[in-house]
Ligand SMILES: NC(=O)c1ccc[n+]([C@@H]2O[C@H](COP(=O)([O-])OP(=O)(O)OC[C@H]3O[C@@H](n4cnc5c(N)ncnc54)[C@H](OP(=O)(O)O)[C@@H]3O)[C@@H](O)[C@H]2O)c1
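In structure tokens, the next block holds one chain alone, the form predicted alone.
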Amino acid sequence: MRAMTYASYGGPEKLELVEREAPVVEDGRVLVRVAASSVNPIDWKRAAGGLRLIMPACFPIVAGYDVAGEVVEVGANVEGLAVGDLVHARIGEHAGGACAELASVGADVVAKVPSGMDLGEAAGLPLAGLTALQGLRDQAKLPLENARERVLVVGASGGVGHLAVQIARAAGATVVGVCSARNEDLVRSLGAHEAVDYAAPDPYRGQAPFDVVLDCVAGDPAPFVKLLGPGGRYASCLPGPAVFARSALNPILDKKVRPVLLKSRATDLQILDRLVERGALRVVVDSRFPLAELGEAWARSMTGRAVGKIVVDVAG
């Protein structure tokens, strides 16, 4: 099978399209013929060596974590999935393996693709969507129904942010999205009640206090904690040292700061899929690249200018 791999730390130039043996399907897993994957910052950050302390490498590594395609083999002790099912998932292990013609995926992270959903869009949903869902629900404690709270989404036009806007709106929250001026119309079209240009002078002047801030850009939480009302919650999808340091003070401070640490779960992906089926959630595709141009897809992601998700058409 064809697979895009890298054999040492570095940038997109380290990627190489190679022939590899197909994965062996073990108990509790399924083999997926991959139609599409998508790019997430973790892909190129890990390849650069920035995550080596928490994600040790065993080279060569098959790139990618998001996968969508058809089940072609089912391992023992797997229930609810069959050959021929169209599925998607965020591969749960550090090993990755999505940017290949065949991928072995744990059945506990796999969900069936909603009827009629484009497989490229289906590949764009798992990692970013799970991050948005778990950030809002688990760390920011936003109810998924009747959420009569004010939510600020920072990075509202990005991969995680554009999904977070829709999830929060579907939950019943009043949503304000932070983005560049050129993306304000898109963010409003996704359900934000208001869009804020981060480059404007004093962009948050006149805003009422927020109950929740979901930061999909990361950095210093301090400026956003100031925007929270009593009992407010700030969650960072890209937590750095400042987030972890501030979160240690949660027991003694009213306003909480929490990191979002993604967990791959089929049950959570199914929640997102139900929103897709209701028409309450859609994946915006920034651009699509063939597998052989994964390096160019990474380079696009590294600019920080992508709107929505970058899709990799593995099957061509």
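Please read all numbers here as calculations on a predicted model, not as lab measurements. One-based numbering along the sequence shown.
Below, we refer to the form predicted together with this ligand, which is not included among the displayed structures.
With a 4.5 Å cutoff on heavy atoms, Ser180 counts as touching this ligand in the predicted complex. The shortest heavy atom separation between Gly158 and this ligand in the predicted complex is within 4.5 Å.
Not displayed here, this ligand is approached by Tyr198 to within 4.5 Å at the level of heavy atoms in the predicted complex. Using a 4.5 angstroms threshold between heavy atoms, Gly308 counts as touching this ligand in the predicted complex. Candidate site formed by Cys216, Pro239 and Leu262: every one of these residues places a non-hydrogen atom within 4.5 angstroms of this ligand in the predicted complex. Contact annotation: of the candidates Ile167, Ala235, Val105, Leu127, the single residue with a non-hydrogen atom within 4.5 angstroms of this ligand in the predicted complex is Leu127.
Proximity to this ligand in the predicted complex, taken as a non-hydrogen atom within 4.5 angstroms, holds for one residue of Arg282, Lys45, Lys256, Arg33, which is Lys45. Exactly one of the stretches 106 to 114, 167 to 175, 149 to 157, 93 to 101 approaches this ligand in the predicted complex with heavy atoms within 4.5 Å, and it is 149 to 157.
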